[in-house]
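First comes one chain, alone, set out as structure tokens in the form predicted alone.
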Amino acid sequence: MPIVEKSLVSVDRVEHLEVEGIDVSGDWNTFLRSRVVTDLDVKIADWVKGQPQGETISRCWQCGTCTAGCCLHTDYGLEEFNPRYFIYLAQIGYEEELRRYASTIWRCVSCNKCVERCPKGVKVEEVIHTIGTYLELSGGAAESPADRFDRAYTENLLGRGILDEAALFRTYERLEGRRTPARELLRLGLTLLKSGRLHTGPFAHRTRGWNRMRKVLEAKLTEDRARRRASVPAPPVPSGRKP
């Protein structure tokens, strides 16, 4: 189905118009400014499909059910968060337009309403996150808060082989550039202590034999990052230029 970018639509709005006693107020004289796009790159969809969480992108037939049921788009009024449109842009390889939503695409809260309602079995939430990952790996988006948390979590876990919740919290606060009030920190600390999950400082634990296992995991993570970055297709050469 054709999809028109809002930036290409020009509307002369008429607030009030009455013809023979009938109110016909509305939008009139709607025009579409023409534009020719010559740098579409279908390799984007191929890359997304080649990732474990993006393989269902080819099932999407653009019915819009995912967007209609998206809590961000409908319940919270974030109209620019449009899963159907993100998938469409990736399918046709319209990277220039897709980059405009590089930060918005990470607003997904993973409620999975889209997944439950999709008539074609597209794992929309996973596909959207894979598209976001493509934008980051190709340099089209800054690191998201979710990715910063994942990085802090991984580094924390690699330290001793067991999660240090307090250290993770401090690291993530530093990465986000914010500071929790001391009273709130004390409340969180007491809660963790009572639950038996305060594995930090004098309470720190370490997984037996972790030093050997950590080397294996670090090597695997490095290999995986290199593979994913190398798999990102090079951007298309603009028309009129030689590669």
Partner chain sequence: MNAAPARGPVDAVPAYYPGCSLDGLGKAYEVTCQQVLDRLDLSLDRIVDYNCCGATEVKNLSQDVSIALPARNLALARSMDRHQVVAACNGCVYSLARANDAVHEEATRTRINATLQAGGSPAYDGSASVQHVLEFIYQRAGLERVRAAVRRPLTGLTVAPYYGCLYTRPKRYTGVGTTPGTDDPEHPHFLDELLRACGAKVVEEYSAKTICCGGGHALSDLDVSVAFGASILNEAKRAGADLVATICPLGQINIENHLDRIRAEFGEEIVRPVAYFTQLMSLAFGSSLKQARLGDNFSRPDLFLRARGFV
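Positions refer to the first chain, counted from 1. Every value quoted in this text rests on a predicted model; they were computed, and no experiment measured them. Think of the rigid core as the biggest set of C-alphas that the two forms share within 1.5 Å after superposition.
The same protein also exists as the form predicted together with its partner chain; that form is not shown, yet it is the one meant from here on.
The closest non-hydrogen atom of Gly121 lies within 4.5 Å of its partner chain in the predicted complex. Although the partner is absent here, Val216 is a contact residue: one of its heavy atoms lies within 4.5 angstroms of its partner chain in the predicted complex. Under a 4.5 angstroms non-hydrogen atom cutoff, its partner chain in the predicted complex lacks Gly139 among its neighbouring residues.
The closest heavy atom approach of Arg151 to its partner chain in the predicted complex falls within 4.5 Å.
Within 4.5 Å of its partner chain in the predicted complex, a heavy atom is found for every one of Pro52, Cys111 and Arg208. The partner is not shown here, but in the predicted complex the stretch 114 to 136 reaches within 4.5 angstroms of its partner chain through a heavy atom at Val115, Glu116, Arg117, Gly121, Lys123, Glu125, Glu126, His129, Thr133.
The two forms, fitted on the rigid core, differ between this form and the one not shown by 2 Å or more at the CA of Gly189. In a rigid-core overlay of the protein, Leu217 has its C-alpha displaced by at least 2 Å between this form and the one not shown. Once both forms are overlaid on the rigid core, the distance between the two CA positions of Leu135 between this form and the one not shown is under 2 angstroms. Relative to this form, in the predicted complex the C-alpha atoms of Ser110 and Thr191 separate from one another by 3 angstroms or more.
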